[in-house]
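This document starts with one chain, in the form predicted alone, laid out as structure tokens.
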């Protein structure tokens, strides 16, 4: 088929399948057998097993940069149960997200402006006949449904329309301020640890402006002084840096090493930030550091 005739020419694929088994390759091949002109982009297959929150966060981080098209996200501990396989349209048809209705799609859908409609994938004509049990919906349901969408099959041919308001939401923690000894403390948690050991917090950099420079980073009662910097290599040896990461959120980092290892941090661990008392600052001088603003709020390329 001529690629110019495709409704969508790109499928972005994320999963917790890893690369040791054949699962990712099989999904690629199923897509190619139905829509050979489609390009498949592997976003990640290293999502921690069964971790729908981590999968949803990864998809949300990527959403603004994915090509318009179909997104297949398979982090599916409930495969084979009553959880629904769904296709969710965003941007009035600019893109469609396909996967289980378990919250993994919700953060990305919210990131690009919300769902315009959704269907439950039920039509056996757009799925593969099962070779055995119902344990591989990535191969049997999501890959063929995505490929058919790329060929121009209407979303409503996949199955009945459902109310987008009834889709499973993604649950994300919200940071909050609480009264503390040295003023208000910002109570937050680690959302994600990247492969370098940098620890992303659920903190908008604007929340830090009231602290005016260095802060105390408290983890399980252990206090460290955190220094706001613009780049990882500006972090002095032995110090904890506060860096605005590529997603526009605050992250904890250390110089050319793993903050997760040094600070014993992982996803879901609580972190408290509070202002460093003036008496503890060098020469009693307060030196505000501009952390920078988040990228302009915008709907991403998906929508």
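Numbering follows the first chain given and starts at 1. Just so we're clear, the structure is a prediction, and the values are computed from it rather than from any experiment.
Form predicted in complex with another copy of the chain: not shown, discussed below.
In the predicted complex, another copy of the chain sits beyond 4.5 Å of every heavy atom of residue 165. By the criterion of a heavy atom within 4.5 Å, residue 45 is counted among the residues contacting another copy of the chain in the predicted complex. In the predicted complex, another copy of the chain sits within 4.5 Å of a heavy atom of residue 245. The closest non-hydrogen atom of residue 221 lies beyond 4.5 Å of another copy of the chain in the predicted complex. Heavy atoms within 4.5 Å of another copy of the chain in the predicted complex are found in one stretch of 211-219, 128-136, 152-160, 165-173, which is 128-136. Here the marked residues 58, 78 and 192 all reach another copy of the chain in the predicted complex, each with a heavy atom within 4.5 angstroms. Checking 260, 66, 276, 267 for any heavy atom within 4.5 Å of another copy of the chain in the predicted complex turns up a single hit: 66. Contacts of stretch 13-35 with another copy of the chain in the predicted complex, defined by any heavy atom lying within 4.5 Å, are made by 16, 17, 18, 19, 20, 21, 22, 23, 25, 26, 28, 29, 30, 32, 33, listed in sequence order.
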